[in-house]
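Have a look below at one chain only, the form predicted alone, in structure tokens format.
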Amino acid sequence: MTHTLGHAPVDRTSRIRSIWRAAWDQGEVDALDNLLSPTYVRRRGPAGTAQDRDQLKDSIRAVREAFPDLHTDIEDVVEDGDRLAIRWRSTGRHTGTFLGVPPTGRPVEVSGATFARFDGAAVAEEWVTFDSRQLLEALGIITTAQRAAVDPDLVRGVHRKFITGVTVVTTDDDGSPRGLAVNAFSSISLDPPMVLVCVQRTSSTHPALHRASHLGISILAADQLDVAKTFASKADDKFAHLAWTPGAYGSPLIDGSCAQLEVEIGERLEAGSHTVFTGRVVSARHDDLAPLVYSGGGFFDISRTAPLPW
């Protein structure tokens, strides 16, 4: 998709890559004047403190003083009308004071996402999200990944005591169905109806989900253990021998599942090794089937259990 700057069509993705490289990697912050509107506003998350264009330039200068070898890779760009989503990763060595922390000489890596709204040829608004814990740990401000951390095996043992359902999270990736098994699924609210799912960034399905506007969630039934195993695997085509139906918004939904949702993705929040996708439910259905249950590394048929009196 292209937009017009003057009389020449310009590819937005190429333009953003070029201007970001000039501003963030080379310190040529005035290059942003060729991309950002004079009334530009930038926020950290939906409710974050707003920055204007000059304040963003000051922020970049401060970051580059602390990390003069700063380098930012744009890993993925998704365009939808006047909206654009950018997934990025920045690296640099801490050789100048930053956030009150004297130079540590440590290498720092931060991953995040920026969501932009264009007004004609210029970016009018941006929302940025990244895992601040990565930055704070690298600078030694917090130590959740070091001495203060709880032993991972102990935490894993705690999680194994928690019983969850089993979902298959899916999306249509330019005509190809993609999906993976997820048990980190939760309702956020009923009014408006919103849910979240957490997806590991190393998953082969993650890039497709990050590009998507919608995702599907199929809550598996007790007789769908084979489906759960397929989507928990690294198979190249998990849909090859599977019955599924596209939902009203195009998301692949697994036939025979006990419940199905389609979700319009609202936010993609970076958290540790995962991205948290939140969104509004735009379609839903359920059947009178027992769900597949997961606990302690095993799968169970909840219909074989007896409810406790209360």
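Heads up: residue numbers just count along the shown sequence, starting at 1. Please read all numbers here as calculations on a predicted model, not as lab measurements.
Omitted here: the form predicted in complex with a small molecule. The next part is about that form.
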Heavy atom of residue 227 within 4.5 Å of the small molecule in the predicted bound form: no
Does the small molecule come within 4.5 Å of any heavy atom of residue 299 in the predicted bound form? yes
Look up in the predicted bound form whether residue 72 has a non-hydrogen atom within 4.5 angstroms of the small molecule, and give yes or no. no
Does residue 184 make contact with the small molecule in the predicted bound form, using a 4.5 Å heavy atom cut-off? yes
Name the stretch: of 232-240, 155-163, 95-103, 130-138, exactly one has residues whose heavy atoms fall within 4.5 Å of the small molecule in the predicted bound form. 232-240
If you check 113, 199, 108, 84 against the small molecule in the predicted bound form, which one has a heavy atom within 4.5 Å? 199
So which of 77, 219, 222, 180 gets a non-hydrogen atom within 4.5 Å of the small molecule in the predicted bound form? 180
